[in-house]
Each structure stands twice: as structure tokens, then as C-alpha cells.
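One chain is shown next in C-alpha cells, namely the form predicted on its own.
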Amino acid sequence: MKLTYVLFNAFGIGGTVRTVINQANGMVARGHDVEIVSLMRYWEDTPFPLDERVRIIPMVDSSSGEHVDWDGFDGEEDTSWHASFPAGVSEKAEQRRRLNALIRYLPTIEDRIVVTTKPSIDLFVERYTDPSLIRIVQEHTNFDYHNAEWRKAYHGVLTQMDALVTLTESDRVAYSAEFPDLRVEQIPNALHALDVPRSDLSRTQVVSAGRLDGNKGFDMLIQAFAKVVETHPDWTLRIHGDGPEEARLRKLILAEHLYNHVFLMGATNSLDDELAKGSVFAMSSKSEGFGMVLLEAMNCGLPVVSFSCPVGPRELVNDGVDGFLVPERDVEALAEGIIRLIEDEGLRRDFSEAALKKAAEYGPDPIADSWEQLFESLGGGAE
């Protein structure tokens, strides 16, 4: 099969990038022809390992310091599409250049299965690709994420696609109800590998990871950890990731006098190694599309404590078996869950064993099988 994944930025660190690269690697390893279209490129290499057989096609390549369109275009800007897309899509000149390059590229795609990964990209793929192609929407956010304007625009797009794939069962049910004539399937994200470093659960360290933004709720995690160190001052919290909330979170750490206990570690290209240094994983998200980092932590043998988000953690964590689910935004409950795992080593180890079994269900092979079955059922066939 010939597969084209369309990504916003294949060179940025994020859950969607990581999982799409994992999927592309898995598919090319099975003998499929795989390419990734990325709206931008600022670095020479992707942040996650990419099989050399996967082609990367940046719409605008800035890795050399110059901005070069994929086709070398240097003409007048096309503004004809601005009014027919939601407000904000054409707001910034840099973004318009990338989208204009994408508009020129999409009609050149022939005899390939196109998989989209972001609502704004879905709009362009639906309009500018040949409708005879197999076109699949891979939804990385939950059903309630989109505002009214986007939902209206999105509705017309999805009805023209061949299938929509959600990460969770709850989203599959929601999208199926909203689009009864659209084929909706649930295929979770795959782990990049099952053979990863494993925690020995001996370190006095809680770990977490994610983009430092308001949705990840790291302010609540820091507040919860202030309660943890009252009784366990030898434990520390390491948060891996970067983002717009970094300065505010550092101020909060100082205000809570946690500068010897909570550390913002920045982004990492070796997340498995960093997760394996912890003994407990904590997730404080207000919402999740899936919760990939939660699954990656379980794959490293970490017991988890997470807010019980409606989508993602509720489907990944079996409360009381491989982790604790606590009420959403309940800082006290989050602290209590962490403390319980700190104080009960036997429970930590029981949860760890169960977490490893859960993670094995999301290995590369079973998820790749599901995608191949979907592609073939839509008429993709094998090359």
C-alpha cells in the first residue's frame, strides 16, 4: 500500500508527532510505501527516530535558514481560499505560506491512501485532494474539543471522508452518533516498542511529562506535591516538557517553597529513559485525547495516579489494578493517591506488573494489524 500522512509539524515534539512517526515506522517495516507531508521543517532531523525508508516532504523547509517551498514557488500569494475557512486559519503570513504550498501539493497525490491528523489539515485535504483517493481522518483530540465554528466546518468535511478513526471507544461512540453515515473506527495509538527501560521502583521520585500548558494541569500537580512532601520530604517530582506555562509554573514552585522538590526538566528525546527513573507516574490533565504518555509510563512499569478524565485515562487505567483514577481537578485526591503508592511498596509492585500487561496490548504489531485491516477494507489492498 502507498500511504501519505499529513502532519502540521513532523519536527516538533508532541504526542501526535510521536504516534504518527511510530505508525509510519511500523507500516514501512511491513513493506508499505510511506511518506509524511509536514507543513514545516526547522530542523534536519525529526525529534523521534524515523525509519530512513519513510520520506519526509516539508511544504516549507527552513532548516537551512532560508524558507524554501517544496516546489520552489516564488509567485504571488493565493488568497482565494481565505474566506471559505474558519477565522484564524489565514491570519498569519507564515501559516498562509505553508497552506498555499499544501494547496499546490495535495492535487499531485495519486494512488495513495491519505491520512490526516489535524482538523485544519482535514479541511484542505478534503477540498484539494482527488475525491477518488481513500481519505481517512485520524482524530487526535476528543469529541468535545472543537468549538461551534470548527464543528460546523468540520461536519461538511467528515461527511466526504471514507472513514474517521478515534483513539478511544468513548469518542467512537460520540462521533458515530453525530455522523451516522460515516464509518467510524477506534484504533488506539501504538507504543513505539515494548522493549524499553523498566523502572525498578526504588527511587524516591515521581515523574510526569507533557506540554507545559494550561490543559495539562501541572499547577495542580505541583500543589498536590506540596502536600506529598509534608510527610515524604525525601521524594521529588520531575516534570518533562516545555511550553508557554513554564515561567508561571516556576513562580508557583517558588511560592510553594518546592525548589528542592519539584524540577521542570525541559523537553527530552529520551522519554523512556527518564520515565524509568521514576517510581510513580502522575497525570494532572484537565482533558486528554488519548493519554499517550500515560501508556508510555505504564510500558516502563510505572504505577500511575491520574485525574479521571472523561476520555483517555478512564480507558487506559484500571482503577485499583494498575493505577489510581481520582476525581477530576481534585488536588487533595491526587496527593492522596501519590502518597498511598509511596507508602506501600508492595502495591507499587503489584500495580507495576499489571501496568506492563496493559501496555503489551498496545504494542506496535497489534495496532499495525488494525490499520492494515482498515486500509484493506476500504479498498487499499496490498502492493
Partner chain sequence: MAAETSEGPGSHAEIGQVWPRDGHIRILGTVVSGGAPDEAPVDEPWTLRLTSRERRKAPAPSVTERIVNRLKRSVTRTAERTPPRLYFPVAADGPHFEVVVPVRDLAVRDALPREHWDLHLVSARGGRRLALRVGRHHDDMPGKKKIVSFPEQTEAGVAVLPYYTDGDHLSVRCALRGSGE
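Residue numbers count along the first chain shown, from 1. On a predicted model such as this, the values are computed, not experimentally measured, just so you know.
Just so it is clear, the following notes concern the form predicted in complex with its partner chain, a form of the same protein that is not shown.
Shown alone here, L182 lies farther than 4.5 Å from its partner chain in the predicted complex, counting heavy atoms only. In the predicted complex, its partner chain stays beyond 4.5 Å of every heavy atom belonging to R198.
Within this chain, H192 is remote from the site of its partner chain in the predicted complex, having no heavy atom within 4.5 Å. Not displayed here, its partner chain is kept clear of L123 by more than 4.5 Å at the level of heavy atoms in the predicted complex. Between its partner chain and the residues H261, K227, R97, R211, the one pair within 4.5 Å by heavy atoms in the predicted complex involves H261. Shown without its partner, this chain lists R250, H82, R104, R127 as candidates; in the predicted complex, only R250 has a non-hydrogen atom within 4.5 angstroms of its partner chain.
Between 152-160, 262-270, 290-298, 106-114, the stretch whose residues reach within 4.5 angstroms of its partner chain in the predicted complex through a non-hydrogen atom is 262-270. Taking its partner chain as it sits in the predicted complex, the stretch 273-288 comes within 4.5 angstroms of it through a non-hydrogen atom at just one residue, K277.
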